[in-house]
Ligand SMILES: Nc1ncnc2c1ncn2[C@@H]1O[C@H](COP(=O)(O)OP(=O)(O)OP(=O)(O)O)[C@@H](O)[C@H]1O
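Quick setup: one chain, the form predicted alone, written in structure tokens, and binding and motion questions come after.
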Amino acid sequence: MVDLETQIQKAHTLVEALPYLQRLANKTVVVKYGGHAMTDEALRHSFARDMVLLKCVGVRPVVVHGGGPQIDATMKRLGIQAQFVAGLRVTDAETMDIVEMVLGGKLNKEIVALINLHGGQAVGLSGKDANLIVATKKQLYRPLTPGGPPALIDLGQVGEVKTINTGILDVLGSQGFIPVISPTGVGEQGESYNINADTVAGDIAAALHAEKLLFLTDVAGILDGDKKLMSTLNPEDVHTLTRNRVIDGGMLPKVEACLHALTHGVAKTHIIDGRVPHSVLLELFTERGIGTELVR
């Protein structure tokens, strides 16, 4: 026998989502996909279904994925020691080959296949496709000794975004495809660059003037000094929390990408818990959401 109350509650849920569905119709939402949501089998399928649902209700999702832990695991199997400076992977030619193999050759295609399995039409891209991400070598200056003058640190083939070619993303989105992007770029001479995935997501959202930018993380959102979730922050709040080192470590590139996107036309950015099933839908289509939103 059908539980009528349960059915009515489902209808209420749909009605609650209606104004958000209307607001996001034909709008672009960029999702940075990473963390536990990429490794847990149930969450991987949950994420793929969420992307298909977004497309079906008229939203244009664009996925940018990471893959640091998977790159680390591959390097370890090959007996290569990973090196990091200021949170950035030192990327020599051999490491660059591994980065492209893992990100573009394995993870990207797995995500594409999973979305397609659930009824979507996903297309995998790297920064080299149609010069999607043109990059330059990242310049990092740090003191070699405590209190010493800053010196240029050679990170190898670590890049930063110079330009985003939105044309290919516009074409794919308009034809019903879901772009899935690995965060590697191409230099002006055809050289490969390894780029922080959070940074790439922020730059792509800015270039597309996306309605929203979402980061899936392994925490509930941005937490205050007492480890309580802060639901809404503005740039001034963020700068204060950063100065006080409340925002630190791996959260910094995400927050910086959010601020960059907000100053370049993105309406709202969100940092949410990717360990929660259907976290993207909960953030986009419910009144309270589940993470931290950063607004202008």
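Only a predicted model underlies this, so the values are computations on that prediction, with no experimental measurement involved. So that there is no doubt, residue numbering starts at 1 and follows the sequence shown.
We do not show the form predicted together with the named molecule, though everything after this point is about it.
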> Can you pick the stretch from 22-30, 248-256, 262-270, 48-56 whose heavy atoms fall within 4.5 Å of the named molecule in the predicted bound form?
Replying inline: 248-256
> Which of these residues, 127, 120, 221, 179, gets a heavy atom within 4.5 Å of the named molecule in the predicted bound form?
Replying inline: 221
>> To verify the annotation, which of these, 217, 157, 184, 108, has a non-hydrogen atom within 4.5 Å of the named molecule in the predicted bound form?
In response: 217
>> I'd like to know whether residue 235 contacts the named molecule in the predicted bound form, with contact meaning heavy atoms within 4.5 angstroms.
In response: no
>> Just checking whether residue 66 would be counted as a contact of the named molecule in the predicted bound form - the rule being heavy atoms within 4.5 angstroms.
In response: yes
> Is residue 203 close enough to the named molecule in the predicted bound form to count, meaning some heavy atom within 4.5 Å?
Replying inline: no
>> Whether residue 34 contacts the named molecule in the predicted bound form should be assessed with a 4.5 Å heavy atom distance threshold; does it?
In response: yes
